[in-house]
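Take a look at this single chain in structure tokens; it is the form predicted alone.
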């Protein structure tokens, strides 16, 4: 059991368990979801009673993990890159409060936007918050880094960011587990009971200390050992790689047997002298980093020797999209024959709703109800239902960030658009939609909020939704008038009735909520296989 075949996500999860984790907190988001799922399925984690419930959103996950750290225990919080935007308030301030028990924040970036709205680079958040950042180049390195990250966190009393990308998160390889299994920390309150109190008079001193700590971390062995330099016989071109980009370079160099000086960077911040080791040897520098040109920009600020630098900023590497061996080969001036061609047998398939999906029946009714008003009135959110923007429905007009459907609908209504409709999923509603609904209720905005309730976080694989069975009561508690909280079952046989209900609420000059409640077809199928008698059937929101 010391040699396991693991995804990058799973390697991080297993390392956290082995490193004495007490609490895992997350909101599902590709490509980070499997970290929590692995811990939830782990027998070791279950035996040790490691806390591993999904949180309402990334902000609550971050703050709960910080609370676990306050009590002296080791905690990890995981999210995709845009989830770090949601958690940013707590994350950035946690650098100033510091930690008590070790705290690791895993951000899984998605270059090329395989399942995301943007391809932002989470390393910026590490630099912005002044916290150390680990960027593994392999699953084994990711596993090893978790141990050092926890130790670094507790030594300097600072959270640690671990930045991974889609290819590392979702590729699988052999990982050797450490023979050293760390015991969980005992409950221990902070020595300074006002450590986490960010009154300005206290925060100013903490911030000065944070700046000094950030500089000290550059020279710590726990970070420095992951940055390595290998000299080569060539002196014209030196190459700097960051994280998984190192693998792409090695794949090409192993084929063509070229010999370049190579500096591998996998932790931040790093001292300037490791840069000068390679720049003193070479006339030109090529920088390979996944995401934004962070090291490239920093290097241009460090060097004053006039050395030529190639990378994303000068177009040698494309400014957008994820790296691959072909891009690296081209940057090195190697012919295209060194890059394997993708098989033409795999044909692209446009995304679509699963056969029998309740969202499709919901949109069929909504399109019919909206027909008298014309197009351009539906603000949507992030979930499976966003496919309503595509044929045959073509009825979705926005998808910006979690919860924005409700607030954008309010703003459009303020501008005079009527009817103004928001479509949001049940998990997304409890993630970020409830506050928007409160805004609508407080001024009785003429908006219709359609909650596509499939009793799960469907887009990320069917994780638990905190909204299941509670939506009507939540909406009533927020202040929506009970007469305008309507529940329907999105099935073809109910089409006429569903259109009637939607028309009535679209005509209402106030805030109304329509809950289209039907279990996800995928989770229903899995549940029926596991329980043929359907004893554990998930009840729709309108059933008591």
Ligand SMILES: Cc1ncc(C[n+]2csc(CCOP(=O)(O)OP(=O)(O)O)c2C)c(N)n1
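Positions refer to the first chain, counted from 1. Not measured: the values here are computed from a predicted model.
If you look for the form predicted together with the named molecule, you will not find it shown, but the lines that follow are about it.
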**Complete:** Per contact check vs the named molecule in the predicted complex (non-hydrogen atom within 4.5 angstroms), the hit among 288-296, 166-174, 213-221, 383-391 is 383-391
**Asked** in the predicted complex, does each residue in the set 58, 359 and 459 place a non-hydrogen atom within 4.5 angstroms of the named molecule?
**Response** yes
**Fill in**
If we test each of 243, 425, 101, 126 for a heavy atom within 4.5 Å of the named molecule in the predicted complex, the one that passes is 425
**Complete:** Of 324, 117, 435, 314, the only residue with a heavy atom within 4.5 Å of the named molecule in the predicted complex is 117
**Asked** Is residue 82 a contact residue for the named molecule in the predicted complex, using a 4.5 Å heavy atom cut-off?
**Response** yes
**Prompt:** Is there a non-hydrogen atom of residue 454 within 4.5 angstroms of a non-hydrogen atom of the named molecule in the predicted complex?
**Reply:** yes
**Message:** Is residue 490 part of the interface with the named molecule in the predicted complex - any heavy atom within 4.5 Å?
**Reply:** no
**Request:** Indicate whether residue 158 is a 4.5 Å heavy atom neighbour of the named molecule in the predicted complex.
**Result:** no
**Complete:** Contacts from 144-176 to the named molecule in the predicted complex (any heavy atom within 4.5 Å), listed N to C, are none
